[in-house]
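Shown next as structure tokens: one chain only, the form predicted on its own.
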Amino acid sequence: MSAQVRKAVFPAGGLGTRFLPATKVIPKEMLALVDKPIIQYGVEEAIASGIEQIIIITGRGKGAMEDHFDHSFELDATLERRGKSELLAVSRGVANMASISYVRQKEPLGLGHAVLCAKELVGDEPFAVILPDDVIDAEVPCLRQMMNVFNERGGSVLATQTVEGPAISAYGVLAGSPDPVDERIYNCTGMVEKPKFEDAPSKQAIIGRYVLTPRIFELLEQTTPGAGGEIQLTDGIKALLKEEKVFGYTFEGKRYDAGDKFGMLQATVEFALKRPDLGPQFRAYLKALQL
């Protein structure tokens, strides 16, 4: 088995009900964060981390994602005819960004089931999972940081962040102990999905990035579906823990929950302020608001 992580799986088959009515016809992954769809930030992170193949797990009504990462001959021809060379480069750049494959998840049966849909394309090699809703702004891409840990330690790696107080109840939480050598690494012995604050085994909350060994596929196939017939990825990882080492990794960077309206607004403001073409004007506008 190759130890190199070359493929990244993007589960994108969910219904996006938190953003209705916008997501009635537009996939939530295609909602714009400033001027790029949410999913494009994750794809760019994967490519910048050294990923060679992107596998997007789609569902009904998700054709806009396939169109976005494909060539638009009509648009490109129009831009070329009008001499819009910079916009033409943007359009073609998206289409040429990466090798992208699509797998249809016929029913939204949980994150574990979505990952399992990628089994044939991933094969017998380690791979990454990126949840598009979690947009992470980092100097060194979050996934690259995790791949470095995987290469060094050899076990699956889960991205984590420290969450204080009752907010921990919204996350999967790791049990285990901090690594004696690297304080960002957490030696995982178990995990609890959305515990009560008083029952949380640690402050280490799982965020939407995973580097997993291929053994997870067999374990997900053996996982008993839970509520609504869903197969949860955390159940598969719990089973993996009994056979292999699993590490939590507190990444360097800032995570935005773009699957949440407030998180999306935060990301929009902060990403816009960092843009040289928008930042100065937007900053002046915000300062002038009578709040």
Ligand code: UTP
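What you are looking at is a predicted structure, and each value in this text was computed from that prediction instead of being measured. From 1 onward, residues are counted along the sequence shown. In this text, the rigid core denotes the largest set of C-alpha atoms whose superposition between the two forms falls within 1.5 Å.
Another form, the form predicted in complex with the named molecule, is not on view; read the next lines as being about it.
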{"item": "Among the candidates Val122, Ala128, Leu131, Leu220, the residue which, in the model of the complex, approaches the named molecule to within 4.5 Å (heavy atoms)", "value": "Leu131"}
{"item": "Contact residue in the model of the complex, chosen from Ser156, Gln105, Thr160, Ser202 - any heavy atom within 4.5 Å of the named molecule", "value": "Gln105"}
{"item": "Joint contact, Thr17, Lys28 and Ala114 to the named molecule in the model of the complex, by non-hydrogen atom at 4.5 Å", "value": "yes"}
{"item": "Contact test in the model of the complex: Ala267 vs the named molecule, heavy atoms, 4.5 Å", "value": "no"}
{"item": "Leu109 within 4.5 Å of the named molecule in the model of the complex, heavy atoms", "value": "yes"}
{"item": "Within 4.5 Å of the named molecule in the model of the complex: residues from 135-167 (heavy atom criterion)", "value": "none"}
{"item": "Gly228 C-alpha relocation of at least 2 Å between the shown form and the other one, rigid core basis", "value": "yes"}
